[in-house]
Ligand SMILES: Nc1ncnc2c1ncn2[C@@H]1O[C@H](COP(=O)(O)OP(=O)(O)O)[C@@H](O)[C@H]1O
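Only one chain is given next, in structure tokens, and it is the form predicted alone.
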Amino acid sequence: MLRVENLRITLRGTPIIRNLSFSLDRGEALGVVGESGSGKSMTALAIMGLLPGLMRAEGKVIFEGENLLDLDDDAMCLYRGRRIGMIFQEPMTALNPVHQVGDQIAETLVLHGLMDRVAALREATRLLDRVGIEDASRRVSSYPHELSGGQRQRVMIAMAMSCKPSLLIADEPTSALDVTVQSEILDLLRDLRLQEGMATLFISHDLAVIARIARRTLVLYGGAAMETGDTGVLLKSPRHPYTKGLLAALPHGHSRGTRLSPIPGFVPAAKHLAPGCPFHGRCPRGDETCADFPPPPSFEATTAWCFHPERGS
């Protein structure tokens, strides 16, 4: 249903996304994980046609047979919200503070010509109830500041689901929530995906969240794919040094009193990344070949773009 081929995003000639390719089947959940600045959100914005004005996207983003990168903004408006829904980061800033949440949900339905305003407001109430907001008939008239963080996130999900899209992009939808609310939101997204049969592109920096919601995982660093494969296999037996480093830095799996194992160094600015593997410079296995040439894919238990991958178990 979604096929991204050799996606390249540049900012004034500097590569932000480097020849990224992946696919997503109908009804499937794909997790995209990586540190801040790895290119996760830029990939999502490219799919939605919402890149900042100075950025340029090349390659192909094939959605239901149409290359979205070939469409102008008017044509993309037929896809945004209607066929592709998106849950943006930070629901307090994504929601308009001066409009009631019911109006904000109804607006999408009206703009796409699916309902008139009266019917759309009734549907907004139903959707709020569907995503687990109590007393939805009253909450539909609430303003964002009157809702908790978890309730605002549920409103964002209701908005993204309002037109019954076939693809839902969830960009860090649980990062600002406490553990209990996070668990409820993840359960809700899983149930909606299974019941509605929509595909989900789930973006997160949290491997534990990805493990819970995604069947397959794509690991990004410096705008390039590092590793991809079945989530359980990838987390159990990572083959790329970057994936292995991410897992080693997680708190769980360490006994009390032991130090975590952080990845040395820091994520450099895009213009300072090596022309080969962007992880070169922080990688314990890196050499001159890694710095100068993009690594080919290595196929085993997972696919790792690395000259010196670990052997899968």
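Small disclaimer: the values here were computed from a predicted structure and weren't measured. Residue numbers here begin at 1 and follow the sequence given.
Another form exists, predicted together with the ligand; not displayed. Remarks below refer to it.
This chain is displayed without the ligand, yet in the predicted bound form the stretch 35-43 from 243-251, 60-68, 22-30, 35-43 comes within 4.5 Å of it by heavy atoms.
When contacts are judged by a 4.5 Å heavy atom cut-off, L50 does not count as touching the ligand in the predicted bound form. Looking at I16, you'd find a heavy atom of it within 4.5 angstroms of the ligand in the predicted bound form. Using a 4.5 Å cutoff between non-hydrogen atoms, A301 does not count as a contact of the ligand in the predicted bound form. Among heavy atoms of L11, some come within 4.5 Å of the ligand in the predicted bound form.
Using a 4.5 Å cut-off on any heavy atom, the one residue of 54-78 that reaches the ligand in the predicted bound form is M55.
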